[in-house]
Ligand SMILES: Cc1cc2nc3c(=O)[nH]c(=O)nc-3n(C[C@H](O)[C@H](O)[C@H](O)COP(=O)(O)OP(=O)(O)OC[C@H]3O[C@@H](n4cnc5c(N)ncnc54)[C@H](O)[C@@H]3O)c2cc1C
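Single chain ahead, written as structure tokens, the form predicted alone.
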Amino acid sequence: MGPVPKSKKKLSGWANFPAIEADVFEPQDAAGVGYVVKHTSSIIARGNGKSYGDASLSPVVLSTLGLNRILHFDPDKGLITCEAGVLLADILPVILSAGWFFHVTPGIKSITVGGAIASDVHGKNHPAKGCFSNWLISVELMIGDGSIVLCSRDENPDLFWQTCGGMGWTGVIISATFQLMRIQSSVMRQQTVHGANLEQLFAAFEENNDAGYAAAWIDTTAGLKNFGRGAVHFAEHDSAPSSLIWPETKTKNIRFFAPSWILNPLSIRAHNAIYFNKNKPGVKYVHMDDYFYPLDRITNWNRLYGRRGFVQYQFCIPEEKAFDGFKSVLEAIRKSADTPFLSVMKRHGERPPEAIHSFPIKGYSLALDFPRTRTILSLVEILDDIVWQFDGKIYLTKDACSNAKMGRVDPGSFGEPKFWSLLKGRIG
């Protein structure tokens, strides 16, 4: 089918569930992308495959990893233009040495810029900095007929905002320009605060609402007076100048899939107790890589869940209903046969009214990583009902099995059928 390389591959998201066989096209430039788009009737763009669920899965997939060039970097103004397939990890050594960092970054750096835009990623500083789209200047977007449209707040603004958080349903992102943040140090001042229960955990966020960064870990196995206990990590960029060289971090690699029985309620309970006691209250100074990207220390950590994979359930509930919503979710989990291995809580602020597809709403989110079991889909149905009851929503980038309405977005209302028609069965 023309000069663009194509291969049949088994694909999945980072959670290794679901998995499909797909025809994968691998263009190396915008012309190649255009050829594929014009000669296919249904397709979805895929970056580095780090979305957890089925966001970049389709019988026909267009890989953007060949679009991997940094096109321009202005070290004085902190503006960078790059192609969609460039990884945040590739940008970091370039910008940090000049005293710049991302305004918004998710918890891993091996995602593409195109994926960051399509998911409109958020970080640990949403109340102060919002999502990736808050700092996005412009996007070059290839639409269904193969033409490239420049989108910004001033030029084709509707398409610009539909693309931010639009999950690739408006077209294929070719390149983007975004604003960076000036920093003086690669060191973070991190303060850890314990919450002995869920009420204290929420109180810790409220009492430190001026912190630049904040994220909490919750022990979902704790009961009685310790129900919902956890540790909140608040952080700020250190003001004292320090080295601005991104380190070549040594990583550990999980070479094989772990046996499925390793992660069970007993082992998860033991892990949570150890983690809670290890993360003692107090202040310490850590490198940015350790604070923002701790999961990147272990390559292929998803294999710890075994070949069955895992399901991440991430939801956000409005501020005034968040405590009761979280309590109901955690109680439902405790009554079930399933136990999340990892649970991360964040606080979110207001979002621009134009950012209609961004996941965060003013309130709190919780991400829960469950080993995939025979009963997990039934639990997801229960959690969907609870989150919906509290006017919440789920993060489509993490979703693999929720009810289609849970993202509170309909691609048929704004996307091009070529890029979303294969998802009709999941549209509520």
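In case it trips you up, residue 1 is the first one in the sequence shown, and so on. The structure presented is a predicted model; accordingly, all values stated were derived computationally and were not measured.
The following text describes the form predicted in complex with the ligand, which does not appear among the structures shown.
S.K.: Of S119, N272, S133, S343, which one comes within 4.5 Å of the ligand in the model of the complex, counting heavy atoms only?
M.R.: If I apply the 4.5 Å criterion carefully, the residue I get is S119.
S.K.: May I ask you to choose, among G47, P27, G392, P371, the residue with a heavy atom within 4.5 Å of the ligand in the model of the complex?
M.R.: Only one listed residue qualifies here, and that residue is G47.
S.K.: For the chain shown here without its partner, which stretch in 222 to 230, 182 to 190, 256 to 264, 295 to 303 has non-hydrogen atoms within 4.5 angstroms of the ligand in the model of the complex?
M.R.: Stretch with heavy atoms near the partner: 295 to 303.
S.K.: Each of H103, A216 and S365 having a non-hydrogen atom within 4.5 Å of the ligand in the model of the complex: is that the case here?
M.R.: The answer is no: none of the three residues contacts the partner (heavy atom, 4.5 Å cut-off).
S.K.: Can you tell me whether S402 touches the ligand? I mean in the model of the complex, with a 4.5 angstroms heavy atom cut-off.
M.R.: No, S402 sits far enough from the ligand in the model of the complex that none of its heavy atoms falls within 4.5 Å.
S.K.: Does the ligand come within 4.5 Å of any heavy atom of I356 in the model of the complex?
M.R.: Outside the cut-off, so no.
S.K.: Heavy atom to heavy atom, is G144 within 4.5 Å of the ligand in the model of the complex?
M.R.: G144: no, not in contact with the ligand in the model of the complex.
S.K.: Do W14 and the ligand come within 4.5 Å of each other in the model of the complex, heavy atoms counted?
M.R.: Within the cut-off, so yes.
S.K.: Using a 4.5 Å cut-off on heavy atoms, what residues in 150 to 188 are near the ligand in the model of the complex?
M.R.: The stretch touches the partner through M167, G168, G171, V172, I173.
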